[in-house]
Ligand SMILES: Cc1cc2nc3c(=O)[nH]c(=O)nc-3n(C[C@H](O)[C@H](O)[C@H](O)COP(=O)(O)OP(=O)(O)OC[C@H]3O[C@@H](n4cnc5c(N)ncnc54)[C@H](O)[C@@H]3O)c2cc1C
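First, one chain by itself: the form predicted on its own, in structure tokens.
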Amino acid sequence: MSSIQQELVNIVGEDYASDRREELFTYSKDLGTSQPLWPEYVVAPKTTDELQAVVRLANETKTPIVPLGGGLTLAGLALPQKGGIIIDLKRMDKILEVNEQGRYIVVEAGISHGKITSYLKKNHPNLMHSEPGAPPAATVGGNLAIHGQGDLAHPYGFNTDMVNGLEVVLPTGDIARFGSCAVGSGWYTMHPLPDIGLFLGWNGATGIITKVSLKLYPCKKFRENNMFVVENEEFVPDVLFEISHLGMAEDLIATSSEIPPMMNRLHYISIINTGDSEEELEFKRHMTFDVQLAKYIRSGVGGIVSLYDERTRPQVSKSADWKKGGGFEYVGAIVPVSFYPECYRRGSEISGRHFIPYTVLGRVIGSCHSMMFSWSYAFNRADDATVKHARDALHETDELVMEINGTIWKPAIFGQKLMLERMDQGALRLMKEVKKILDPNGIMNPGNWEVD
């Protein structure tokens, strides 16, 4: 047993630290097209104290560490680019506080979104948080590390806009808290203290989030999906803008896909409305279809596909299950809503060149302030040729995002390089200095957001 492995066992116990190849194998892959990358150790701390000790050990020995949540980014962001220790945070999954009147929840960052949803449904059914489109196993810390967004994006923005406070273990092993919790005033707001936004969206390259206060929102008794369809993609931005103007939809998504055939070359707009009564829902249906979208219906531009479809959460990840073959990865971009037509057309062309049925989706963020647009590429894990086609399609899509002046969301290493090449020089210098100050030994998820 190596000295590092022995130290890890001393910190977390024999059952939660391993250098055995059969266990490292599990952590050498993710579900996307990335090539396997092997860690030398994997460790699963239960407490912040244990996590601190692991980080201090890594810093002293200059061993790379990679924090891992649910491992569902699909883009290789939690694969060990330079070996070292993978820190699996899923044992740090406690719910620490729920303040019902203040509408926030404090959790350990390794908790899954599914566990929070289940807990709130059972104990606080009038409250909800923003679930990402990922499967329920996605963790809170992992989602914040990639600037995730979820099914409350339309009214409230990115999930990282819904944070009231953070606790972070720094690369030196020190702990820092941000928000009202930093002055001992509880976890109810991130403001009005000086902004130190150094940990959200960094893929764990500046520190490991351990505790989070998330904003909660009113959870209505009923949730239904009303579907509107248009044939011409040019109308999608206008329709979304009209619906968004009402300020009533909880989630607003446009999607089109080659499979199933009923979706092919049509654009389905999912409008999630909620209410505490049938009267409230009926009012929202009336305002949406009889008032705001009436001109599109009367002119024959679009039509209602379905009403009253009861909707469970999460919604977006289920679209990934429509494909067969076991492999799936996507490029996400943050773009203006007006980009939808070009994103759809160019994306379906890329899919066609690589013999992959096209699947695109755009989720409105804020009141049409932006959109998360995704191009999904399915592949067969047992067929290297289809994996290569998917990987090439992903790279072409990253380049497309840059060409149309979009911003790649949670970019893989290839996409990060494209973004860094375009980035403002002042921002690059600041990122480099921040990384140097926080992580002098370069141990935190090296290879991610690495500025030369």
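Computed from a prediction, not measured in an experiment: that's the story for all the values here. For every residue, the number given is its place in the sequence shown, counted from 1.
What follows is about the form predicted together with this ligand, which we do not show.
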| item | value |
| --- | --- |
| Answer range among 136-144, 237-245, 255-263, 218-226 for contact with this ligand, defined in the model of the complex as heavy atoms within 4.5 Å | 136-144 |
| Three-residue site 74, 89 and 204 fully in contact with this ligand in the model of the complex at 4.5 Å by heavy atom | yes |
| Contact flag, residue 208 vs this ligand in the model of the complex, heavy atom cut 4.5 Å | yes |
| Non-hydrogen atom contact residue 132 with this ligand in the model of the complex at 4.5 angstroms | yes |
| Partner contact for residue 109 in the model of the complex: this ligand, 4.5 angstroms, heavy atom | yes |
| Partner proximity in the model of the complex: residue 116 to this ligand, non-hydrogen atom cutoff 4.5 Å | no |
| In the model of the complex, the residue from 148, 347, 165, 332 that sits within 4.5 Å of this ligand by heavy atoms | 148 |
| Heavy atom within 4.5 Å of this ligand in the model of the complex - the one residue of 343, 364, 78, 105 that qualifies | 78 |
| Stretch 40-72: residues contacting this ligand in the model of the complex, 4.5 Å heavy atom cut-off | 66, 67, 68, 69, 70, 71, 72 |
